[in-house]
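Taking the form predicted on its own, here's one chain by itself in structure tokens.
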Amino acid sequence: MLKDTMTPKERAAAIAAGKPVDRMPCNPNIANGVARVYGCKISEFNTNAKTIADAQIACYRRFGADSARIFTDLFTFAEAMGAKVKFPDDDTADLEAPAISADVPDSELMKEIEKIRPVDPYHDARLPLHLEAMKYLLDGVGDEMGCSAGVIGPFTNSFFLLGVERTLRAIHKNPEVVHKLTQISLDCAKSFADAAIKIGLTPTISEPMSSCTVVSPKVFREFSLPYLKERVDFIKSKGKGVVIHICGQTNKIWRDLADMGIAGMSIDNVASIKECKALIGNDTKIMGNVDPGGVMYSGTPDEVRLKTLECIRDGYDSPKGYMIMSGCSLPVDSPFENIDSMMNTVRELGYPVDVNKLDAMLADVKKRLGI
């Protein structure tokens, strides 16, 4: 296995200064698969802050990615606001029931929403556990890399308070309910982001329900964008850049997102790096987008190498920068050899990218794959 000669912080500082570095920044986005590296059950993340951090640190030591994030699942905010979450023994937590019961009639929804109290990130549900994990992570690797805190988008969280199907109906039939839930979720997100920033981490935003695969751009602009912008502005006011990830197709809202002044846009594998670069590459860093399931989980190391090189070929010259990543969080049991393949590919290529070398590496792996 090839080895890095710089830490992520050294690499980022050198790139910002226009100096050559050992390789392009890379983040396979291993997510809860870090449990497999550390040798614990995913359920331990829900009760032990040090385990969350230690698993992230072990994953960094094993693979050498350029970022580490404290994040376990999408439901930490909703749980703190009354939703029920189920915790499998060795898999990612999932929503069991929204905060607002399905038995509550539509006519009573606003009264029920008023009962949701403001969230205290220092005391409610698993939020204090995550804040504690952030401190352990900084202590362990903060001098080597930038550490981030995963924060759920306000629009997405509103779906977990009311239920996905009911929220989609309410967007058209009871819009004031969705606005109210998203505002409450925004307040929660801001308080949690503020706590994370005070510890020293940079919030990153996951907003999957804002995807064009889920709602129309028109719905996004009315129900998500205003709250998302307020959240981005809040984080920026604290001196932090903001990276946003939205699952699925996002091409019709890229301009909206870039106009908020975000530091990075992480795109899913169904989106086009070339199109994203052309539309917003002058405004923000592009991040993505090797297929997490079809390639990183199910593919061979050579297939990972091919897709990694193809993504780099499409994105390496993006004006505001490019980071090779998986298109979304990797499935938990993604093969280690595939993660190694992604990391070793960027190490072998080096940085700045030599296009002739890149093309030669592409031709070689295509020959091996019979393409």
Partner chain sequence: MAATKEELLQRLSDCVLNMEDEEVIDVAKEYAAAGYDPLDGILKGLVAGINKASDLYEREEYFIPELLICSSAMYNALDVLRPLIPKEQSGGKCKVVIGVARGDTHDIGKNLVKIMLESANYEVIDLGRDVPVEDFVNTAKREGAKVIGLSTLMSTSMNNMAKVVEMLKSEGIKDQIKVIVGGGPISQSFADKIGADGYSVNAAEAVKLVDRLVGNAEPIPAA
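Residue numbers count along the first chain shown, from 1. All values reported here derive from a predicted model rather than from experimental measurement.
Not pictured, yet referred to below: the form predicted together with its partner chain.
Within 4.5 Å of its partner chain in the model of the complex, a heavy atom is found for not a single one of A193, G281 and P319. By the criterion of a heavy atom within 4.5 Å, T213 is counted among the residues contacting its partner chain in the model of the complex.
Contact between G140 and its partner chain in the model of the complex is not found at the 4.5 Å heavy atom cutoff. In the model of the complex, Y297 approaches its partner chain with a heavy atom inside 4.5 Å. Heavy atoms of H172 reach within 4.5 Å of its partner chain in the model of the complex, making it an interface residue. Just one of V219, A258, I199, V232 comes within 4.5 Å of its partner chain in the model of the complex, counting any heavy atom, and that one is V219. When you look in the model of the complex, the only residue of I116, V85, L168, A125 with a non-hydrogen atom within 4.5 Å of its partner chain is L168. Screening 297-305, 176-184, 272-280, 116-124 for residues having heavy atoms within 4.5 Å of its partner chain in the model of the complex returns a single hit, 297-305. Contacts with its partner chain in the model of the complex, taken as any heavy atom within 4.5 Å, map within 330-345 to P331 alone.
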